[in-house]
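So this first bit is one chain, no partners, the form predicted alone, shown in structure tokens.
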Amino acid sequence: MTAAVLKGPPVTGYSLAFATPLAAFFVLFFLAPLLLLIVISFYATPELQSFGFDQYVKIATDGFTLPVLFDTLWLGLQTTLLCLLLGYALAWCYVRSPGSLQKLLMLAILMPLLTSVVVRTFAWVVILGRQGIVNSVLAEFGWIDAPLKLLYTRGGLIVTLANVQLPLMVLPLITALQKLDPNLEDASSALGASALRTFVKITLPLTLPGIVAGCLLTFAASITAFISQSLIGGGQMLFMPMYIYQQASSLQNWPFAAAISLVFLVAVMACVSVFNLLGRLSRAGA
């Protein structure tokens, strides 16, 4: 049997008709709504009576929308950095652990994905509340005289988002660390490099694909976490998902909601492009 027979027909030799269902799904549920969103964003008034750039001018000049946008992106970056710090340590422990312990660690890593995001967020409301677990433990040891305000704070929100999104960071890092040849680290140590130098020069550059993938997933999920931002923020912090919801549902200002949605989408795509660019530059310089 020849190699050509074993390989079968090339991928490009299959009929494009096989891709029709996927293409139709993409057009119906992504492209069409996106085009509709673009058209609505160019209506000048909430009554949808005339066209213009009024909504985009308002975004640029009202002095409120752009700070909310930048604050949302900054929240995503803070959560991503915390997830990277915790996730790398957890992935490192997982790869270096024996098989039996790896099963328990994987269950712990996947547990947040197996639980409803509403349940997880309400659990953090209980943990961070004035009578919650954290304040009770601190008071029991006599470290605080009055309950700390942990709920409805930015720090509490970042910790909650990091817990919810941590699996999205850990799983790509585990894959990257498992592909790392341990002989490279052994050779570096044998040549006299310290553990820190081996990590910086060998381990970190070779696991950059996992770091970039985890950062992209965590960042995108954090800035769009409507439920966690709403419950833990308690209405005292405003981010883009809630801002868009208020404009569309409460104020019925569909053109402005569509315009800020598109600006948010473009900003997120720009951030994702920056993540990819930094990953390529880091790999090129390694």
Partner chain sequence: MELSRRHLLGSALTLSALQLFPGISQAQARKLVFATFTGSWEEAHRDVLVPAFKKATGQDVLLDAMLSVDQIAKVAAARNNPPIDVMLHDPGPALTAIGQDLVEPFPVASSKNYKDLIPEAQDPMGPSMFFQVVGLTYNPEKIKTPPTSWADLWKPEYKGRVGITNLNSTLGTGFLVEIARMHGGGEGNVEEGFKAIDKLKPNLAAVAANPGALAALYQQGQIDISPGNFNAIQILKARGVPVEFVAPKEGAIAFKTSIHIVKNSPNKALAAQLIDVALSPEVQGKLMQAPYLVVPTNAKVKMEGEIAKVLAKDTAEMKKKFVFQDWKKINENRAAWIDRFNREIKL
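Numbering follows the first chain given and starts at 1. A quick note: this is a predicted structure, and the numbers were derived from the prediction, not measured.
Omitted from view is the form predicted in complex with the partner chain, to which the following refers.
- With the partner chain left out of view, the stretch that reaches within 4.5 Å of it through heavy atoms in the model of the complex is, among 226 to 234, 49 to 57, 28 to 36, 257 to 265, 226 to 234.
- Put simply, residue 45 is far from the partner chain in the model of the complex: not one heavy atom of it is within 4.5 Å.
- Within 4.5 Å of any heavy atom of the partner chain in the model of the complex lies no heavy atom of residue 183.
- Taking the partner from the other structure, the partner chain in the model of the complex has no heavy atom within 4.5 Å of any heavy atom of residue 194.
- In the model of the complex, no heavy atom of residue 116 sits within 4.5 Å of the partner chain.
- The contact residue chosen from 161, 91, 151, 215 relative to the partner chain in the model of the complex is 151, the criterion being a non-hydrogen atom within 4.5 angstroms.
- Relative to the partner chain in the model of the complex, residues 20, 22 and 172 are all farther than 4.5 Å at every heavy atom.
- With contact defined as any non-hydrogen atom lying within 4.5 angstroms of the partner chain in the model of the complex, the contacting residues in 248 to 262 are 249, 250, 251, 252, 254, given in sequence order.
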